[in-house]
Structure formats: C-alpha cells, structure tokens
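Okay, here we've got a single chain as structure tokens, the form predicted alone, with questions on binding and movement later.
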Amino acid sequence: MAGHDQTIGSFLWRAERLYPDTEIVARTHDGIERYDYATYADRTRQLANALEASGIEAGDRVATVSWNHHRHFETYFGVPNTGAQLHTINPLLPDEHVQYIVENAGDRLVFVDPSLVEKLESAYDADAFASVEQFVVMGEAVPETSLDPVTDYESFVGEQEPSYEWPELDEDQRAGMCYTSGTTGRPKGVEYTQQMLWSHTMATLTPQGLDIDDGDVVMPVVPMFHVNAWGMPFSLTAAGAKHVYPGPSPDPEDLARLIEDEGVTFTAGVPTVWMGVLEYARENDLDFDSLERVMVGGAAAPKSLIRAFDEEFDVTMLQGWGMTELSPVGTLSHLKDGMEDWDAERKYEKRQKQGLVLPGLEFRVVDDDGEEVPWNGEDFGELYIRGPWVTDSYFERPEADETDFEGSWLKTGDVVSVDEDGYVKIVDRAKDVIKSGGEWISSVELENALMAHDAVSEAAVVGVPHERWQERPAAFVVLADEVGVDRDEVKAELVNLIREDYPKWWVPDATLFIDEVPKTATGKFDKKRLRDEYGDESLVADEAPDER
C-alpha cells in the first residue's frame, strides 16, 4: 500500500515531531555548530528544494566527498528522501579510484568539504567527471578552486523554502551507494535500497544490535563516507538520540574533549582510533564519566584494548563485523544471557570474537570442498551470509557477481570459525590467511597475540613466499615507545608469547620493527603494501618450522 513501504523518511518524520529540541552537534572548521532536530528537518527540506531547482530527479546520483559534520548529515535525508541516490566517496582513495568511481556512478552533483577541495581538484579529470554538472563546497564560502561550476553550501540551500512535500517512495528505490576500497582491483559499487537501509536500522536498534535509545548521546567517529558511518546517522535519528559529529581529521584530544563536553554515551570507530584515545586519556588523567560503550569494527580489537577500557574507564567495548555489502553491520559481540556470571577471562574470550549474527540475517560456513563447517570453535571456512540488508549484486560488475555470490548467499571472503554458542570469529581474510606446509596460519590471531605485549602499539603479519613451505609468516611491529626499549629482548618475548598458545610452526620467521603499519583508505592494515615492500623470499628463515 502506498505510504506504508519500508523507507527511511519515517525516521526523520518521527525525530522532528517527537524530539524537536534534541541536539545535533558538529565540530567544524569554524568551531562547534549546534542545532536541533526541528531545524535539521527544515534544512533537509531546503536542501531538497535546492536539489530540485538544480534539476536533480529521482534516480539521479548525488555524491559527497566530506568528513563527519552537520552539513554532511543533512544530505543523508535530504538526498534519498527526494528519490535521488546518495553516493558517499572516500576521499582517502587514490585519484584514479575516485575518477573511476565518479565515472562509473555517473554522479550529477558533488558536495565537497572545504578541506577536501584540493584533493578533488587532484582527482578531477574532464572525461571521468563528464556527468558532474555542479560542485557545492560544504561551507559558507568557496575557496580558490579550478572546480567549475561551483558554489558554497549555504548559498545553495539558504534561499530555499523550509517546506517541501516529500514524495511517497517505493521501498525498492535506490537510496544510497558506496564503493568497496578496491585493494585487490577496481572498487565495486554497492547500492542500498530504501528497504535495505530501513531494515538495517531496525536491526541495529534492537538490544542485540547497538541498543540506542533517545537518552543516548552518540558520536560516530567511523567516517560518514564509509558505509554510511556504519548506518549510525539513520539509527540515531530513528531513535531520537543526540548526534555528535567530530568533523575533519579529529585527533585523540578532539575526540576526548567532545566525549567530555557533550556527555557522549556511545561512540564507534576502528581500533587504532581507540588506541590513540586510550593513550591520551592516560596521559591526561581523564575518566570519561558519561561514556558507557564503544563499538569497534574494521579490524579486530586486541583483548588488551577491551580490558583497558573495562578496567580503567568502566566502558564496554563492543566488537563487531560487517562489510560494505552488508550496509554494513553483520555481527556484534554481546554476551548471551547468563554469561555475565562467567569469570573475566572467559568473558573476554567471547567479547574478543566478532560475535552473534544480528536478528534477520542467516549465515553458513563452507570449507574448500563446499561442505558446511561444524560449530566447534576450531574448524573454519569461508563465511556466506544473506538477509534483507545484504546486497545480491554489484553495480555494473557482472564478472564480480559470478564469483562473489552463490544463489542468495554473499560469499564474504572472510575465513571464520564458529563456536558452540554461535559466536563468529574472523580467522582471516581469505587473501591474508597464510598457507604453510599444507596448514593454515591466521594472521589475525598472531597480530592479536603480538599486540597483547605492553611494548607493542601495532602489529601486522603477512605471508611471504618460501621455497619449501609455500609461505611463512613475517611480523611487522610498531613499538609504543622507543625510549629504553631493548628490541632484541622484546622480540624474544614476542616469540614466547606466541609459543605459549600456538604451535611452533606459527612463530613468525622474521620480526621487523617499523615506524607505522601502512593503512588502507578505510583505516585497515594495508597488508598488500607490506607484501610489496618487504615480502620477498630473503625475509624468512631457511630452517623447517618444526626444527626450531
């Protein structure tokens, strides 16, 4: 029935009417900006009028190249509620990937953050950007730029009326779009329908999801250009929660100040963010009284980080897993009823896993022979998943559709095990698992073991070629502090850490100390760069692993 489809417009309708005075706060280039849901709703309608005046129609794609702030948030409802499609672009991607993405998507209008104008100029190519008719700088003025035609955001929306009749949309209408990071080839476009975003939001609002309510103050640190900031702008609006956006390139001090000044109760980002915040909080004797929980994803959080937030701040760190193709959240590491009575170490073992699948999703784990893997916490295989917010195809990539899907199942490329309680644990990415002498070695497990050492801030493990054993693990370690550290002693202690819990042949053949682990455009460890820079056969030992 018309008007009863599962669309995200109902979230804004509810927030404006039930929580008109609830704040939306943003750290911007010009300082802290704040307004309420009532004003936000008016500005989204002004934006909708501006888009219509610019000739944007249902089905057109409108791109953003921007950080987390209120103007970017306005596009989250102002664009898809008109029937157009919001396409968030990662500004950290290489120029050639940005060119490919804009050309492939056929974006008609591009919103760009003032601090990212230079980046967009660098990526600009007349042929790749041929579809783009307008650039809008998300501020009150336009810096000197070669982008043309260009205007500033406030001029674009400011003269428009704050009234607009939102169209009744079909739940199959394309509402969003995001491209994968393209670390193993060209980025792949993933489209999100209104129904996908609606159902993802409903699942994340449950207690087994993010459990957000109208009393929460939430700061999404995960970028809004990366899978809709894990869907949080939609979830917060649906719940009527207060939004806090950390703005351009926040450092640990910026995040800590926002947590304390705004009373943040819940926040989310990749583990490296919270490692920096933890170090800053320790150095400045902060207590984070308001903060209750932190969601971490994008990479596995080491047990030491989960324990530190527990013991030092009484903050629960919630591990999660997802993908661009999942809109993106798939699992979260909540403890089941009764597990709170377990001893601390047993609980940490559960919470360090990627957790339980969200209500509404189904998964199975398949080995190399296509057989399902038992839930015993030991056997592992590739994770297949399906559900109402899981994509079933890529945008104009039929060759990827043939390899990445099997019927209704998405083949995630993640190698996992599942324990008797149903907790999923990422063993590795299929491309990163190390195959040595006919056995598999998990780079993720080794990294977590290495980062459990107090002297280590980051660690990445990759497989490098070996004439006899096919591959052997090599570890790349970043020290938390060089002062007074004996590297040989640390190296020996790291070897002993691994030997305590894993077979001898899991011990890396080489441990190299580096200044920083290279990161991908989404903040994950860039193991491809490590392999390219260091991964030749001279790096690993000649002796057999079992002869040590």
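Computed from a predicted structure; not experimentally measured. Throughout, we count residues from 1 along the sequence that is shown.
Only in words, not in the display: the form predicted in complex with a further copy of the same chain, which the text now covers.
Judged against a further copy of the same chain in the model of the complex with a 4.5 angstroms heavy atom cut-off, the residues Lys353, Glu500 and Arg531 are out of contact without exception.
Among heavy atoms of Thr272, none comes within 4.5 Å of a further copy of the same chain in the model of the complex.
Residue contact with a further copy of the same chain in the model of the complex: Arg257 places no heavy atom within 4.5 Å of it. Within 4.5 Å of some heavy atom of a further copy of the same chain in the model of the complex lies at least one heavy atom of Thr206. Arg108 falls outside the set of residues with a heavy atom inside 4.5 Å of a further copy of the same chain in the model of the complex.
Note on contacts: among Ser181, Ser442, Asn448, Gln195, the single residue with a heavy atom within 4.5 Å of a further copy of the same chain in the model of the complex is Gln195. Checked against a further copy of the same chain in the model of the complex, the residues Glu372, Glu154, Glu121, Asp251 give one hit for a heavy atom within 4.5 Å, which is Glu372. Listed stretches are 131-139, 71-79, 236-244, 460-468; the contact stretch with a further copy of the same chain in the model of the complex is 236-244, by a heavy atom cutoff of 4.5 Å. Of all the residues from 351-377, those having a non-hydrogen atom no more than 4.5 Å from a further copy of the same chain in the model of the complex are Leu356, Val357, Leu358, Pro359, Gly360, Leu361, Glu362, Phe363, Glu372, Trp375.
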